[in-house]
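Presented as structure tokens, the chain that follows is alone, the form predicted on its own.
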Amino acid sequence: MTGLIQILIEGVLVGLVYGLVAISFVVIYRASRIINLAQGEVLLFGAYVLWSVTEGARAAGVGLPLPVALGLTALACIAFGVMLERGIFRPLIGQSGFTIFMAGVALLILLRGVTQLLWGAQSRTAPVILPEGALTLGPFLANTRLLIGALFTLALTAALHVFFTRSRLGLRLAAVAEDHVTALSLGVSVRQAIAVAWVLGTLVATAAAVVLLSGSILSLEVAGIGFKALPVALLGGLESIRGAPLAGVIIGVLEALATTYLDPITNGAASGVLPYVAMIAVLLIRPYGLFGWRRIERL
């Protein structure tokens, strides 16, 4: 029984960090109705920028204090998010869903290529931002880095929920998410709202990179976390900020159980497949996810 509880603890912590990446999908979709398939590459870009202003700068003889490095990373990611929105997706407003989907695929390939061009394909060690080790909770252990990440996810979820439901800017984004034409008729700038959503999505993805990669190996394969978090976002509902952490816990626990009990008899395949199976099973029943907005259209 102790072993099962330990597995569940690990699954919950990992799942909440998945939820953090999923939130970056949600905040973009809420305003722009775009599922950014390249969100994993956006996370990767933020991770490499952070490496450049920490380990890269230190190797060049320029040691920056950690708060300064984090601030520079945030500014670079804000500029990056604005560039993606204005340069690629703003001109596609009003285009078909297929066109936007193909733009996302092209952006995914482009960002991987640009990242490799700027930083090379070799692996690096990401800077240690969060404490290492494990916290002892009675007979159980909790990874300190993941625990901090899980608490940060919960705090960010609460803050974003208040932002979207109480603040004037957040309510404008909610209006844009509901209907672009209606938002325009109310005097809301759809373009400004979408730009804010992209900036938020980029910053959240970078925060997830800090949590996931602190002291870990940084390589191009890290971008795959985007496709692990996408089922979480779809399962929770692409409009639901609070649904992302809960869906992350579900996926994280299923993945942890599959890793322990099914991977030994499936040569490690079960843990990679099960989250997508769970997502498809739920979406067949609730196509809008567990907490997404149910839309009723009259034909």
Partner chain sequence: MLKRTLLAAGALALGLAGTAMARTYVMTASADYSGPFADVMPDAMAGLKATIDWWNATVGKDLGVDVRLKIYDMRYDGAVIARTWPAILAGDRPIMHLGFGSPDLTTLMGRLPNDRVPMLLGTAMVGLVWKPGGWHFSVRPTYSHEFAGLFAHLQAGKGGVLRIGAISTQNQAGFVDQVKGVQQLARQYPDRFAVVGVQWAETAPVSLTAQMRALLAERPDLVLIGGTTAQVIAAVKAMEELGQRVPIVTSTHNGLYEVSKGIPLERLEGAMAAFSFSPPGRPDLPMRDVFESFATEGRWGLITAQACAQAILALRVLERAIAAKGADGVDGQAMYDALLGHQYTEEELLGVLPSLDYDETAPFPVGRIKATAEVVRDGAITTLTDGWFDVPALERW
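We call the rigid core the largest set of C-alpha positions that still match within 1.5 Å between the two forms. Residue numbers count along the first chain shown, from 1. Just so we're clear, the structure is a prediction, and the values are computed from it rather than from any experiment.
Beyond the structure shown, there is the form predicted together with the partner chain, which is absent from this document and is the topic of what follows.
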message: Quick check for you: of 185-193, 69-77, 144-152, 163-171, which stretch puts a non-hydrogen atom within 4.5 Å of the partner chain in the predicted bound form?
response: 144-152
task: May I ask you to state whether Gly138 is within 4.5 Å of the partner chain in the predicted bound form, using heavy atom distances?
output: no
query: Going by a heavy atom distance of 4.5 Å, is Leu212 a contact of the partner chain in the predicted bound form?
result: yes
message: Taking the partner chain as it sits in the predicted bound form, is Gly63 in contact with it (heavy atom to heavy atom, 4.5 Å or less)?
response: no
field: Contact label in the predicted bound form: Ser52 to the partner chain, heavy atom within 4.5 Å
entry: no
message: With the partner left out here, which residues of 112-132 have a non-hydrogen atom within 4.5 Å of the partner chain in the predicted bound form?
response: Gln116, Ala121, Gln122, Ser123, Thr125, Glu132
message: Asp263: after superposing the rigid core, is there a C-alpha shift of 2 Å or more between the shown form and the other one?
response: yes
- prompt: Superposing on the rigid core, do we see a C-alpha displacement of 2 Å or more at Val253 between the shown form and the other one?
  reply: no
message: Could you check, with the core superposed, whether the Cα atom of Leu274 shifts 2 Å or more between the shown form and the other one?
response: yes
